[in-house]
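We begin with a single chain expressed as structure tokens, specifically the form predicted alone.
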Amino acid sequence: MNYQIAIIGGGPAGYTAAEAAGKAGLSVVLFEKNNLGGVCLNEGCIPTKTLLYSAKVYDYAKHASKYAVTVPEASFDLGKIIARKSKVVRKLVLGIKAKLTAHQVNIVTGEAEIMDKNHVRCGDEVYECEKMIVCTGSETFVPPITGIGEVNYWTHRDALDSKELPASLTIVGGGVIGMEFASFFNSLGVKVTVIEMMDKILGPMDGDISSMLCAEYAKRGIAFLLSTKVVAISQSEEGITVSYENEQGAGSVLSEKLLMSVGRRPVTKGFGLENLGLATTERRCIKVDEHLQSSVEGVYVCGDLNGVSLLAHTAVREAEVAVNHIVGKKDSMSYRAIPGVVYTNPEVAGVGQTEEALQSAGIAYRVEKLPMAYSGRFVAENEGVNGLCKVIMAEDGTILGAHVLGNPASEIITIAAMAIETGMKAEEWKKIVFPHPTVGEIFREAL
């Protein structure tokens, strides 16, 4: 069987590339060993946001009196929350399959093995292709901590399907995934402890924003152990003990459940990637050019495997660029304005440069900060909640970065992303007419 494009992996990069290539009239075969949608749709972005929205609704019900609404006794049903999550995922998976089928994409379910740049084996069949797009995604990384192999810990996948709430939960890792689960379980009444090796949560995100979010969740009862290294884990009838070390000395935390959430790493083994002989980066990811083409002509690598930006929306754009290059349409990938979002309550979002990154690079900049309370819409919908908008500019006024704490940060951050991507200066951005009242006006107010 001969195809113009073979795609390995049916996640955001894979199914986007398949649909785009199919629309362009190319013959496409897509290999996926599990479910279409990849980690993002089946056990990442969508299911976590579905759970978090239920938790947010529960939060609103518990605190409805702030808005002069009486809810006598708010409660939740975890089993039904999990069932709704599964229903949402099924619906979206079917939607992706329908779109691909409509564009004549041949979907092959099974483990693909790359034989060379023009041949892929799956089961007993060998498929020939002219071009190849590899987008195998990433997997949970669990560090080799002493005792980890003898402990019944959770990964994010296990936490998504838990039918019972633990009384207490320790989360190792204060990044995006860790904080989203901390938010979810804290809202539902679980005693949560977050252990993070860095001196702040949310890793590379803006320091002011992450500090404010950390303080907010500390007020809600989450215990944070920052600049703390986990040295051993053990399990007993009482629960799971996490032993740690920090500047204060050694200590331990006992909880009913443990969630390991220290990060993800690209999937590079098990599908014949080594048969292509692709050049790699210092971090052992696959090196690509501005068109997502690898060191081997005709082989493109999109999504987490190239290690540039492990985000679903980045993968989608990379897939579009790769297919455009294949069909001869002028296009190139820009990473200048990739938004990052944390779906806690309140939400966090950022795009472009942070102060920390600019200071490290020795680049001059100026900052405008403004409390979210300067937005009338925010005040109307967020009783007693603090927030921050931060805009970072070059000395000539060019917008370099924007960072927001407050709902709905995830929906307004694209406004800043467009300003950064198009190279707008503050004076130009201020001329844009924002509808009133909207939370997005906070950017104009900050300027």
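It should be emphasised that the depicted structure is a prediction, and the values quoted were computed from it without experimental measurement. A residue's number is simply how far along the shown sequence it sits, counting from 1.
A second form of this protein, the form predicted together with a small molecule, is not displayed here; the remarks below concern that form.
Stretch-level contact analysis of 283-291, 108-116, 86-94, 368-376 against the small molecule in the predicted bound form, using heavy atoms and a 4.5 Å limit, identifies 108-116. When the small molecule is considered in the predicted bound form, only one residue from Met333, Leu100, Met132, Leu310 comes within 4.5 Å through any heavy atom, namely Leu310. Among heavy atoms of His156, some come within 4.5 Å of the small molecule in the predicted bound form. In the predicted bound form, no heavy atom of Tyr300 sits within 4.5 Å of the small molecule. By the criterion of a heavy atom within 4.5 Å, Ala18 is excluded from the residues contacting the small molecule in the predicted bound form.
Contact check for Lys229: no non-hydrogen atom falls within 4.5 Å of the small molecule in the predicted bound form.
Using a 4.5 angstroms heavy atom cutoff to the small molecule in the predicted bound form, none of Ile81, Lys163 and Ile195 count as contacting.
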